[in-house]
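What follows are structure tokens for two forms of the same protein chain, given separately as structure 1 and structure 2.
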Structure 1
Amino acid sequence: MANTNKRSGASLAAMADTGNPERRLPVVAIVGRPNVGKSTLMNRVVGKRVAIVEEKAKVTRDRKALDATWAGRKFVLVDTGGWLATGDELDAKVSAQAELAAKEADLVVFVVDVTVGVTDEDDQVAKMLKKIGKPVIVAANKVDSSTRDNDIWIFSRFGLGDPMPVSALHGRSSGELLDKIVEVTDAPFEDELEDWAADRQDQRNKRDHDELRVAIVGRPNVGKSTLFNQLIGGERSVVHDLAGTTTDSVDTLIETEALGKVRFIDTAGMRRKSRVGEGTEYYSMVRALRSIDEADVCLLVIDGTEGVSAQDQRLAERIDAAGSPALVILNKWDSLSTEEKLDTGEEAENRLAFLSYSPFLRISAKSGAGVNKIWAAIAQASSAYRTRIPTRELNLCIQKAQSEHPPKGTRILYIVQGATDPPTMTLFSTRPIDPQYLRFVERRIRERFGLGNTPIKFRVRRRSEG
């Protein structure tokens, strides 16, 4: 279907910013009550499985936005959680996010279910949209065949214009819906913006290269979303005391004085493999693991009241294998007694000893206590992760280490740093190097060049002295 690129940010206005002050991509928000097929429609339009879809109400809980192009015209498509007039605290937060998306959008696609007809919740959504006053397209979903075409007219009672029949699942009339979207938003033709598009791509490449990606990972219900909201300074991710609230990766790009552009990624809580099903949780886990692999820094959040579990250890191993710096965040620290703090801290450092380069930060994401320490640790980890050491200084360090503590049965002839992100060293030696001696070399390099908060990778190559 439409060509897409993922977008995210603190507001829809930021999502639609093109970098050209005279041009702003139109924003199209998909809203409706739970389980009418909003995410299925999103996936149909973008032509790939981006939004998580499952036959279960309230699966989508956070906004997700993507660039879309149809008939040479661009717009930003935003999927929202199900809007509810009444419900619990979580429902209220989800509804508030959906309403905010509608207010910030240039056009709203109001999705309803033709197989159910008009519900009280549909009426409430319609009243909310009328109050906002934005252009609305009523998309009557699940019109899978022509036998249901006449059923759509019941939705005319909303007073939001003639409803359009569509089948998000099968793609029926989705092209007509997209035609209507670009007609209403009047997005600019691509050929009118050829020069600007080239400049924008240059800016995007530079921005992506410059921004720091920080992934927040951990088991369900350890406080990842609460920490995410504390770090970005606003309630962007829905927070509730219920395991699995975040069912997708949600990210926000912010500007900081010390670090420049930082993209925080709030990932879904990762359960044990045996407890992950074939549907929503599986796709959430895949995206969370991908976020780890693509991150510059990972914040591993652990519930301090429960201590380090076997699943926490496996997540730490995955972060270590990905080569990303890890900051171990012991959350809910204010809930522990003095004795419990001593026991929990010691246990965490023992069970995650293979992350010996990582700082262990004690915080309370809910109150914000200790959260500021994370910024300094991220800055140090980022600097170390991207450090490139001159070859001459590396070899002087290795020569001094060997003179003080010679390796047994071999000699390191030369060392060179081949890459950054993380620092990757190649050692040329006469024979294989004992792993224990390699750890000694790593400690010396880490101490000499201040690489405290990043992993270091070593490759050993054999070469004769003659």
Structure 2
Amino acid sequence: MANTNKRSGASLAAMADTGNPERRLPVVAIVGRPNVGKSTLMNRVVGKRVAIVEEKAKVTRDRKALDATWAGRKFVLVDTGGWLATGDELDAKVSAQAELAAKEADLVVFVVDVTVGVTDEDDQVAKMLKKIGKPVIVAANKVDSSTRDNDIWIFSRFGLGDPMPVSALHGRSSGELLDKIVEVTDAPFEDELEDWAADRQDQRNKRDHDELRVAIVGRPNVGKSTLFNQLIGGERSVVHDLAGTTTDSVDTLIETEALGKVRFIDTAGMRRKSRVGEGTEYYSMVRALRSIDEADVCLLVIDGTEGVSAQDQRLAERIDAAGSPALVILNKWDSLSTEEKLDTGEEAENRLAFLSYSPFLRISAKSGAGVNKIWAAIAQASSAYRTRIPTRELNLCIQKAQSEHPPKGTRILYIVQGATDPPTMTLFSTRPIDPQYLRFVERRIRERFGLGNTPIKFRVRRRSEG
């Protein structure tokens, strides 16, 4: 049988569904009457061709579950050796133990002995498996040489599909059996699991998902406090001060109608009017960098009368690197002449090119002009940031983009969204993807799914073509 790393186009949808980060490893149970070779098969699988990664906490008493890897794909193998160790009261034992295991499994490997043929006990097990209705592979064991190959067909009478010949003792055909196991269970690839684990970790680090975390950053005197007070001053918001995550920091939590809880990060300096010792550029920079890392959305406030400074550019770069969506707030717009407005706006967009997907909002924090637009922009940014695009639609979008404008020397086989906050895509391609083509793909996804100014992260993984 071919290497299971290769995938046909037809299996695209099935594979893509494994993009679900909640997905657990498939569980494979080995069942059968005593002496057919279950233990030998188990040892063959985990001892030789499949590496034992870890021994899991026992699923239930008397059962051992081992993480197994075959052709780069992972599953859990459940050893049921000893269940049916006494021939007495077979019915009771089958229903009590094997039924439970088979119900928990995604696939059952039903082991029978070709040197013995079909016994009553085999029939009992087959009956139970049919009732449960889980996928079954009938493994006809002890086919030590090809002279026995034809003897396996007797086991098709179970009505559980074509039996597969195997010799647990000699290892004959065990590769084929394992190929079949990973195929039927659609076992995930190891590197996908690594990605998902990393993504889950990222998500956990984001802490409380009920609240939207907003950082207001910028140099001293650009108008952050004035803006903050405007934003929380709305009559409908209820305000609480909370201890922040870093020492001495205080966050402000407000309840809004449109967005629920919104937490402004590190706001002590903004709420107190006397801000002793916070006037230095260095100090505010350090705090700003910390807030950016914690935020779901960053408001980068620029003093419109001064334009974008090198310090502002550093903040913008940091926001970009942190992967959170940003709004660029051009403040003190009331103090600018019409001509200055044009120049300042254009210059800001040029100097903050790395935030090119961010909206640039012209406001006056002092008068409140334009402040309402900020709430709408925050809402847009946060919903895009938390978007989860159905895998199927994502793949249709990529297929369309590729057929209209094929990449050179490579092909994107499929794409999954591994995480939100920000949307993170894993692309599987036959060869590395040119950065320019990746930007084209990003643009397509952004437009098709209305992701607006939210950052999108990409990971590229190599796969051989099916």
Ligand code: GDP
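We call the rigid core whatever largest set of C-alpha positions still superposes within 1.5 Å between the two forms. All values derive from a computational prediction rather than experimental measurement. Counting starts at 1 with the first residue of structure 1 and goes up one by one along its sequence.
> Two forms of the same chain appear here; which of them is the form predicted alone?
Number 1 is right.
> Is there a C-alpha shift of 2 Å or more at residue 225 between structure 1 and structure 2 once the rigid core is superposed?
The answer is no; the displacement is under 2 Å.
> Once the two forms are fit on the core, has residue 390 moved its CA by at least 2 Å between structure 1 and structure 2?
No; residue 390 is a residue whose C-alpha shifts by less than 2 Å between structure 1 and structure 2 when the cores are overlaid.
> Verify the C-alpha shift of residue 429 between structure 1 and structure 2: is it 2 Å or more after superposing the core?
No, the C-alpha moves less than 2 Å.
> Could you check how much the CA of residue 137 shifts between structure 1 and structure 2 after a rigid core fit, in angstrom?
C-alpha shift for residue 137: 77.4 Å.
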